[in-house]
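For reference, the chain that follows is the form predicted alone, supplied as structure tokens.
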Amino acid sequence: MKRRVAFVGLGLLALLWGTSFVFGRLAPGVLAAHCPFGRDVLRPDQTVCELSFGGLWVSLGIGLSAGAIATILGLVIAASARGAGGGAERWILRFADSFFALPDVLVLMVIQLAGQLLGDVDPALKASPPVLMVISLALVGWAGPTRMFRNRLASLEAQEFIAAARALGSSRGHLLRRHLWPGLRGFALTVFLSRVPAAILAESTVSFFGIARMEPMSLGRYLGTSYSALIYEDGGRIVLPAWGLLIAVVLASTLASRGLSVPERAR
């Protein structure tokens, strides 16, 4: 049952990304000609479907990429800290906790502004908005996974079969590859999937303050810039579809993470 839930969540994510890419990138005319929500009052040359559903694949791509990088960074740093042990582990975790305590949105805004300023000063260093957003989100999001992976590793290493493997002379690399990684796979996928909706919300928050220059228009940027449409009488038809898509992404990510969080031996 848990596997089916995970497959439903992953399938919904794939369906959302695939259909958004097809109609938003390859066949945008379909969304322009057949949109039940009409045209955007702030951008009358485009429909609500083009801006919201057509930009979903961009936000999902950013969220998946940033989540993957942040998860890998957290896993590598946590494994390195556990391997070093002692004072090195304590200092690494203190640094991660200190970074985690910083306000994510503020740090994200600073990184975005610094990247944009660097690109304006030297065009050779200019990064495309999606790449800059992925890097910014990954730099902001590594600390939380680091702490979670460290705690997970500590819990796994406290089990008796790990002590038995150490007593038999297993190296740190062998323990991680053969005994710890099977118990980390589902957990790592859960951490990764939890970063996707968080990344979209962070992107929308930065866009709300007018900092992100996301082109093509992403769902996150549309969420952050469409609030002013609520002053119009029919503003709900502009804002609600985008929020509905975000809820669908959160639901799909939650279903997938719940199914994948089951321990390997329970499967």
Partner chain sequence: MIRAVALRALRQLAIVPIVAVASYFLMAALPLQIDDESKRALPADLVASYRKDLGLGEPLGVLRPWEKLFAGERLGTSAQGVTGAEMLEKLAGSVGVGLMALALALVWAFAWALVRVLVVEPRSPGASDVVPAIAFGTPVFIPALLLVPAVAEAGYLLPELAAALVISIWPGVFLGSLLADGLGDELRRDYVRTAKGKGLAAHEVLRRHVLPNVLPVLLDALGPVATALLAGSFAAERVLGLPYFGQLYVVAVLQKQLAVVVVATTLFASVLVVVTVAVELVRAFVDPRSREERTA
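Positions refer to the first chain, counted from 1. The model shown is predicted, which means the values in this text are computed figures rather than measured ones.
Although not depicted, the form predicted in complex with its partner chain is the subject of the following passage.
> With the partner absent here, would 102, 106 and 258 each sit within 4.5 Å of its partner chain in the predicted bound form, counting heavy atoms only?
Replying inline: So, yes: the whole triplet contacts its partner chain.
> If contact means any heavy atom within 4.5 Å, which of 60 to 68, 33 to 41, 207 to 215, 47 to 55 contacts its partner chain in the predicted bound form?
Replying inline: Answer to the contact question: 207 to 215.
>> So its partner chain isn't shown here. In the predicted bound form, which residue out of 163, 154, 121, 88 has a non-hydrogen atom within 4.5 Å of it?
In response: So the residue touching its partner chain in the predicted bound form, by this definition, is 121.
> Can residue 15 be called a contact residue for its partner chain in the predicted bound form at 4.5 Å between heavy atoms?
Replying inline: Residue 15: no contact with its partner chain in the predicted bound form.
> Looking in the predicted bound form, any heavy atom of residue 167 within 4.5 Å of its partner chain?
Replying inline: No, residue 167 stays farther than 4.5 Å from its partner chain in the predicted bound form.
> Would residue 144 show up as a contact with its partner chain in the predicted bound form if we use heavy atoms at 4.5 Å?
Replying inline: Taking the distances in the predicted bound form, the answer for residue 144 is no, it never comes within 4.5 Å of its partner chain.
> residue 128 near its partner chain in the predicted bound form, any heavy atom under 4.5 Å?
Replying inline: Contact check for residue 128: no, nothing within 4.5 Å of its partner chain in the predicted bound form.
> Hey, which residues along 211 to 246 are within 4.5 angstroms of its partner chain in the predicted bound form, non-hydrogen atoms only?
Replying inline: Residues within 4.5 Å: 211, 213, 223, 224, 227, 228, 230, 231, 239, 243, 246.
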